[in-house]
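The chain below stands alone and is given as structure tokens, in the form predicted on its own.
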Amino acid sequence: MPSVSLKRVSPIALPGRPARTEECHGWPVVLSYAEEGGGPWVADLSHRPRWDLQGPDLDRQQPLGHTIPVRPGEVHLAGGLLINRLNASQAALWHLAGDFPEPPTDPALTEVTEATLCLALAGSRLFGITEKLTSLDLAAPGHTAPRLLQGPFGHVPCQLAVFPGPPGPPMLVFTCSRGYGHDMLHAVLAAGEEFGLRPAGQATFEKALTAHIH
């Protein structure tokens, strides 16, 4: 039988004219857009691998070779991998940049890539946009390291990783159920219109993420 290539599709389509694209593991990926600016910008990361990890003894586990943060709300950034501690028995792993890893075989890990939307927002006016979309205090003073919040964003239950900056720009990466994709993108674009929010590609996001890696 002839081989069948698997085609995957993001739950959203950002506005704008792609300048560079590639196909990665069956996903069409925009690396950059023709009219990207210095920010604020929004990038679609729905193609990046994501897993949910559940178990009674997370403190002893090392998914993809990395330690899980101890306390809920703590975030560990290792290269392109973001490990978010949700609660005593659950963590979320988002592989946001770099080469795709080999699929883990740990039965405690459930891949949720195609079941969820993943977006990144960044720029100096980021928190002016987000305050329109959530009552969560994403810009709470005293936080310099990435942290995880859970709650409503655009009236949708989300997991939100906040990078206050510096050294990198203020940035938010969040996930929610795939079915909310269209409405979530509409809400984000509407909130960001007065700030000049523009689409950005994977390359722009990876540059911003790299600045946060110590």
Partner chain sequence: MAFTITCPVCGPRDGYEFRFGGEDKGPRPEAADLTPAAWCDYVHMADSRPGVQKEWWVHRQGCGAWFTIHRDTVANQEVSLNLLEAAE
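Since the structure is predicted, the reported quantities are computational estimates derived from the model, not experimental observations. Residue numbers count along the first chain shown, from 1.
The same protein has a further form, the form predicted together with the partner chain, not shown here; the description that follows concerns it.
Segments offered: 147-155, 27-35, 57-65, 41-49. Contacting the partner chain in the model of the complex at heavy atom distances within 4.5 Å is 147-155.
Not displayed here, the partner chain is approached by residue 136 to within 4.5 Å at the level of heavy atoms in the model of the complex. Remark: residue 105 does not count among the residues lining the partner chain in the model of the complex, judged by a heavy atom distance of 4.5 Å or less. When the partner chain is considered in the model of the complex, residue 120 lies well away from it, no heavy atom lying within 4.5 Å. The shortest heavy atom separation between residue 101 and the partner chain in the model of the complex exceeds 4.5 Å. 86 is the sole member of 86, 96, 109, 75 with a non-hydrogen atom lying within 4.5 angstroms of the partner chain in the model of the complex.
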